[in-house]
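Before any questions on how it binds or moves, here is one chain, the form predicted on its own, in structure tokens.
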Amino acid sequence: MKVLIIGGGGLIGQKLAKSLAGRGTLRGQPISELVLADVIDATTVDAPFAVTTKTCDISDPASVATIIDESTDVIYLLAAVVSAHAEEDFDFGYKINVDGTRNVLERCRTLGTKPVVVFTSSIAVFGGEVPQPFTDDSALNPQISYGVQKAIGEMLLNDYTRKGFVQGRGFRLPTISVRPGKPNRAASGFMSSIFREPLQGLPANCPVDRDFPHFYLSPRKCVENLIKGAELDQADLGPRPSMTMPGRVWTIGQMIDAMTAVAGPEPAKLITWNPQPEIEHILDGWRMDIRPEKAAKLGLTADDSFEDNIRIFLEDDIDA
């Protein structure tokens, strides 16, 4: 079993690699090789099987051909230009998020090996005038370029799966919190920074009010679900293999109260409440009630409480 993680240098890619290294198997077979591909060199992981790191630009078909070959059994397509970045740089967002996705799928079609492809989409595919709650049967109606690009990626995955070129399954990720490390260029970045920094004694700003609701999942649960997602039988996914990954809807206030319950009152005192006009238009469409029913029926799960998200950060990531 040869596994490829495209975006293997990122947060979820690295955590997924470490989890696979600890398991040693995927889809009931021993893993023989793990390839971590990214636009820059990914950090390798210790594993009882071969781990290879490769640089790749998925917007270039020739570069994609260097990382996917006839022996590749499972592909995790995690690489993406995230929300605020894709909004700022229209061309680059389409180059990576649409052209890159198509290049990966085309390489699989050319080889004819029908690998499992796990594609990470986003809840940014929802929004606008579509009635809430959003379910797996809701119309995709993205309000930002990133959401449009991910919706196109889902449609491509569905069609390549329908034609039998890949065994596709797509998962719309909730906002992942609490993320360790430095902020990325996602508009949702503050949804980690208002916990990550205060838990380490640093200030952080929240640009929305305490009543702002959103849909969340911890990094640990996300990785667990990505592994379960790869192991699902294709027949169980039905004709639309893209779905929303389970998460929970909490308000900012509920999340801060959860941090206080776990870590005491001091971290919350380091949060400021100043608007950020550059992301305000994105956040306007993010008051979401999401019901991930299909994935839940297939065995994927969410965190029980945001206290768990805080504890997971303290256990797994605070040193990072």
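So that there is no doubt, residue numbering starts at 1 and follows the sequence shown. Quick caveat, the model's predicted, so the values are computed rather than measured.
We do not show the form predicted in complex with a further copy of the same chain, though everything after this point is about it.
Checking Gln200, Asn205, Ser138, Ser71 for any heavy atom within 4.5 Å of a further copy of the same chain in the model of the complex turns up a single hit: Ser138.
Checking Gly189, Pro115, Pro142, Pro219 for any heavy atom within 4.5 Å of a further copy of the same chain in the model of the complex turns up a single hit: Pro142. The candidate spot formed by Phe49, Met245 and Lys297 is out of contact with a further copy of the same chain in the model of the complex: none of the three has a heavy atom within 4.5 Å. a further copy of the same chain is not drawn, but in the model of the complex it has a heavy atom within 4.5 Å of Lys163. For the chain shown alone, Arg102 is a contact residue for a further copy of the same chain in the model of the complex, at least one non-hydrogen atom being within 4.5 angstroms. Remark: Val249 does not count among the residues lining a further copy of the same chain in the model of the complex, judged by a heavy atom distance of 4.5 Å or less. In the model of the complex, a further copy of the same chain sits within 4.5 Å of a heavy atom of Glu106.
Shown alone, this chain has one stretch from 231-239, 115-123, 173-181, 190-198 that lies within 4.5 Å of a further copy of the same chain in the model of the complex by heavy atoms: 231-239.
Taking a further copy of the same chain as it sits in the model of the complex, the stretch 148-170 comes within 4.5 angstroms of it through a non-hydrogen atom at Val148, Ala151, Ile152, Met155, Leu156, Asp159, Tyr160, Arg162, Lys163, Phe165.
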